[in-house]
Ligand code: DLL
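This document starts with one chain, in the form predicted alone, laid out as C-alpha cells.
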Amino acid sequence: MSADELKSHQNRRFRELLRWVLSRNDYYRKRFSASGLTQPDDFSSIEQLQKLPTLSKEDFRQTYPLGMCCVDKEEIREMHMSSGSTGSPVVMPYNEADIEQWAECMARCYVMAGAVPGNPVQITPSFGLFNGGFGMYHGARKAGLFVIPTGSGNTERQVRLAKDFSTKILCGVVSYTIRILEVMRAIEVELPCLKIGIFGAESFSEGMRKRIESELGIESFDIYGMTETGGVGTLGMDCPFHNGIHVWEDHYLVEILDPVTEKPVPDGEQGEVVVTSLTRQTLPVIRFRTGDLSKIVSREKCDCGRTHLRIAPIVGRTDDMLIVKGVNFFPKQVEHALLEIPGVLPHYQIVIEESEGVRDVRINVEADETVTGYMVEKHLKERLGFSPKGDVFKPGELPRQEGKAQRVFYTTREQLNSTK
C-alpha cells in the first residue's frame, strides 16, 4: 500500500473509531469533551490526533472491569488480562470481530517469518488469562498451521514433542527457549526440523538473539503486542531483513512521544510508544501510553517490500530503568554486556540492594571456569560506567523459571547479609 493510500485508509478508520467510541462509551465521551471533541466530525484526520488526551494503565484500573467497553456484554466472546500486582488488572474483552482482527495480525507475523500452511507450530506460552497462548493459537489457525498447543512447563516433554512432531516454528519467550536448550543438551535430543523462533513478552538483546539462533539453528523474530492493544502480534514483528519491527499501520497508529512532555520526538530519537487501535471494537484504545521505549527506524519501503512504519526493538520500559550511583541503565543493556564476555552463559540476576536510602547493584551470572568475577566487573564498568558487585556461578546454579524469566530482584543489604 502506498503512503497516500495508507494515509487515506487511516483517516477513514480514525473517523469511524471516533464515531464508535463517542456513541457507545461514557468514559470516552467525558474525556474527549474536556478536549473540545463532542462530535466525531470535529476531527477530520490523524494529524489532529495529538489534540486528544492520552490513556494509561490507570484508566483501565479506574474503569475495571468493563468501564471502557464499547459493546454489550452479551457480545463478548473472550477476555484476557495482565497482572494486577500493582493494582486492579488490565482487562481486554473481545467480540467476534476483535478475535478475527487479532488472528489476522498474528497470521501476518507467521507468514512474514516464512510459515506456510501445514507447518507444525509449537506454542509454549500458557493458555489462560495471559494472552500469549491464545493469540498465537488464533493466528496459527488463520494461517493454516498445524498447532501443537503445549503451553508452558514440562520442558522435557516440550523437547520430545518437538522432535516427534517435527516442529518447525517455536513460539514463546526467549528466556524459556534458553531452558529448552539446556534440556535438549541434558537428554541429548536435537531438533533438526526447527527453523523459526517467534519470541515476545520480554525484551532481549541482539547478543541473546544471535546465541539462540546459533545454538538452535533457527532464525528468530521479535514479535510485538500487549494486552491493551489486543494481544501478542497485534502491533507487528520484524521481517527477515531484521531492520525494525513492522507496525500493522492499517490497524494501529503509533506515535513516539517524549515521556515527560508527551510531545512527538524526531524520527530516530528514542521516546515512549503511544498506540491508537483503529479497528478494535470491544475496547479500542486511543493514544495509549504503553511505557515501552523505542524509536522510528524508517518510514520508507523495506527491502522485504512492505511499506508500513518500522520501529526499533523495545529497549526497555519507562518504569524499568534502573538508577545506580547516578548512572541510568536498562536490564537489556546488562544482558548485552554480559553476553559479550566469552564463557558467560545467558542466566543472570540483577539484584538491587538498598540500605538507608543508598542503592547499590549486584549482578550474578553463570559462566564456565574460564570466567572470573574481575573479568565481569571490568567489562560491565566499561559498558555501564560503574563497577557492580556480583558473583560468578557454575552452570545450573541460578534458579530457573518455566516461562518468562525474572531478571531484577530487590532486597535490603540486611536481608542479603542474613542469607549468607
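A residue's number is simply how far along the shown sequence it sits, counting from 1. This structure is a prediction, so every number in the text was calculated from the model and none was measured.
Unshown form predicted in complex with this ligand; subsequent notes refer to it.
Residues within 4.5 angstroms of this ligand in the predicted complex, judged by any non-hydrogen atom, belong to 193-201 and to none of the other stretches in 193-201, 155-163, 138-146, 92-100.
Contact check for V285: no non-hydrogen atom falls within 4.5 Å of this ligand in the predicted complex. This ligand is not shown here, but in the predicted complex it comes within 4.5 Å of a heavy atom of F130. A residue is said to contact a partner when one of its heavy atoms sits within 4.5 Å of a partner heavy atom; R317 meets this definition for this ligand in the predicted complex. In the predicted complex, this ligand lies within 4.5 Å of some heavy atom of Y224.
This chain is drawn without this ligand; in the predicted complex, the residue among T307, N119, Q333, S82 with a heavy atom within 4.5 Å of it is S82. If you take 337-354 and check each residue for a heavy atom within 4.5 Å of this ligand in the predicted complex, you get nothing at all.
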